[in-house]
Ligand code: HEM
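Below you will find one chain, with nothing else, as structure tokens; this is the form predicted on its own, and questions on how it binds or moves follow later.
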């Protein structure tokens, strides 16, 4: 009996954790799809040569819908600050944000009547497409990368990974005491290396060609080859072992940072371009109503 109750509660919990893309059996996908279908059918049925553009009644209608959608979509950032349930829960709002945002591809394109040029109107359209494409990237990485983040950490937290690195640094510091000045300097550079250092490209690529730890390991191994018959090679072997463990720890941390950067980098495009889009949209609307 207890097992059945546990199974039922687990099933109930599973429905509560439905993803925002599948929210309410894809309710907002259906609504956005319906909006796109109506827009396309209306465009095809209007008996007008050439087909309607932004200056026609059809174009103004779609333009109004598109502009209102863009302004509403920008409210998601404010919406995240308010926690509510039900129809206007954050999950429902995010689902609507995604699917209605994608519907703008159809709505805005038909609004233009496929007329583009070197002007503020096309600029607004291009900025909108950049925002949408960056949002699509964000959805993709949020669907895939958290699993890679979890697998990469191997059931350890970021704090635990850093604690492991600090412990290795302390051991390296002690093990390097018998080394000569040149070898000790290589170890010192490794100890002073910031695991969070490097530019955006290094974080995204996970490639650190000037990593002091890797350089120290290669140089010390070269030194050790010339001292194989000497007792003095023993400290180098111990330091080499610790550097190898540190490089493995750094690889784990940098892969973790890479996944986090891939999760966050799209926001550096999505949000600033959204503000640029609002400015271009305002210029587009003003120019249409006051200068046309």
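Since the model is a prediction, treat every value here as computed from it, not as a measurement. Residue numbers count along the first chain shown, from 1.
The same protein also exists as the form predicted in complex with the named molecule; that form is not shown, yet it is the one meant from here on.
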Give a yes or no on whether every one of 35, 62 and 65 sits within 4.5 angstroms of the named molecule in the predicted bound form by heavy atom.
no
Residue within 4.5 Å of the named molecule in the predicted bound form by heavy atom, from 168, 186, 179, 98, is 98
Just one of 267, 46, 31, 40 has a heavy atom within 4.5 Å of the named molecule in the predicted bound form. Which one?
267
Hey, of 90-98, 186-194, 201-209, 216-224, which bit sits against the named molecule in the predicted bound form at 4.5 Å between non-hydrogen atoms?
90-98
State yes or no: in the predicted bound form, is some non-hydrogen atom of residue 126 no more than 4.5 angstroms from a non-hydrogen atom of the named molecule?
no
Closest heavy atom of residue 117 to the named molecule in the predicted bound form, within 4.5 Å or not?
no
The named molecule contact at residue 131 in the predicted bound form, heavy atom, 4.5 Å:
yes
Any chance residue 73 has a heavy atom within 4.5 Å of the named molecule in the predicted bound form?
yes
